[in-house]
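Next comes just one chain, in structure tokens: the form predicted alone.
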């Protein structure tokens, strides 16, 4: 049995990585963050030419019809360059929601547009997954939604919104009463607060679709963290090979070697965990919820360790804006808390295993 990526999967990730190196260099990321841009249409247009928005969309609707393993590889590549794209919401969660719970008419209307990149979908599902803050949450009745959804993803320029209500039901709407940016440590992935006031919304079928969206989102966030952490490790190793102190490169000092080795030793096994969690989502659905929880919680801890240690290897310059390490550092930090911090995710894993009531 082969426990490795297929040739096509390797080619997909390599091709995407090369494209992202041109589309989303650090200078472009810095401009996006410094100018508080809500979206980066140039980057998304370039990725649309590769077919990335339609990665999960079935071929009959104009997509590539691939699985979550391929989506995880894409998320890892995007995390490596902290690309400011609507990938998680528009290319993963929204298509999955429509495929899992949409009617034939809803699928025919939206999936081809999402697959081509013509339409962008925002997703607001945080409250029933990560817990609602005071005065947050959406109520649904008679084809309308009312309330506030926090930490909504990819809402800038969105043509449709997938919204979860307090009971876990999913709804499709094309508008919100108001949309306000939310402060966040990660300027490369803007979050939004959506307010609905008796807003018309089409209900999606209630068949535990939200749990599947949660699992997919946890795997994608873990993969994104994996890519960001690998990039930070690579930068630390490269810096240690060129920075000199006392007439020697700092990479020749045992303490620095140990720091880099510890990062690599922690990160490499995490890659297999993310891959298997993505594989389980498609091929072993009974295992998927637990594996997704493990991947999200574990990468949250490993990512934070690598982010801190890589910054330490760089010394004082690692804390400056000059190198831009903080973009990866903050992306890892946001991934850690988005849709549930590691403590909450581990509680879910314990419940799934019957360890707590």
Partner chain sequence: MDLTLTPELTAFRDEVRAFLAAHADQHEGGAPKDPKAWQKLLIDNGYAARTIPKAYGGYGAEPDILKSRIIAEAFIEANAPRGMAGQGISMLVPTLLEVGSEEQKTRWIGPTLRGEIIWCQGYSEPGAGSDLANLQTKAVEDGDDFLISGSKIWTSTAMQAQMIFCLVRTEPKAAKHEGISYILFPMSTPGIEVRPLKSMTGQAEFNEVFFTDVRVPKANVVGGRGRGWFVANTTLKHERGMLGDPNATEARLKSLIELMRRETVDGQRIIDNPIFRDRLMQLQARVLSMKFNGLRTMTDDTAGLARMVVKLQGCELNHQVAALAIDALGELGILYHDGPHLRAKGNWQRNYMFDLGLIIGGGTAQIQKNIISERGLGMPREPKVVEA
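Values in this document were obtained by computation on a predicted structure and should not be read as measured data. Numbering follows the first chain given and starts at 1.
Note that the form predicted together with its partner chain isn't included here; everything after this is about it.
Quiz prompt | Region of this chain that lies against its partner chain in the predicted bound form, out of 168-176, 154-162, 183-191, 83-91 [heavy atom, 4.5 Å] | solution = Partner-contacting stretch among the options: 183-191.
Handout entry: Contact flag, residue 251 vs its partner chain in the predicted bound form, heavy atom cut 4.5 Å
Key = Yes - in the predicted bound form, heavy atoms of residue 251 and its partner chain come within 4.5 Å of each other.
inquiry  = Does any part of residue 27 reach within 4.5 Å of its partner chain in the predicted bound form? Heavy atoms only, please.
reply    = No - in the predicted bound form, heavy atoms of residue 27 and its partner chain never come within 4.5 Å of each other.
- Query: Going by a heavy atom distance of 4.5 Å, is residue 42 a contact of its partner chain in the predicted bound form?
  - Reply: Outside the cut-off, so no.
Report whether the minimum heavy atom distance between residue 271 and its partner chain in the predicted bound form is within 4.5 Å.
-> It does: once its partner chain is placed as it appears in the predicted bound form, residue 271 has a heavy atom within 4.5 Å of it.
Judged by heavy atoms and a 4.5 Å cut-off, are 11, 137 and 209 together in contact with its partner chain in the predicted bound form? The answer is no; none of 11, 137 and 209 reaches its partner chain.
Determine the residues of 249-269 with a heavy atom within 4.5 Å of its partner chain in the predicted bound form and present them in sequence order; the list may be empty.
Residues within 4.5 Å: 249, 251, 252, 253, 254, 255, 256, 257, 258, 259, 260, 261, 262, 264, 265, 266, 268, 269.
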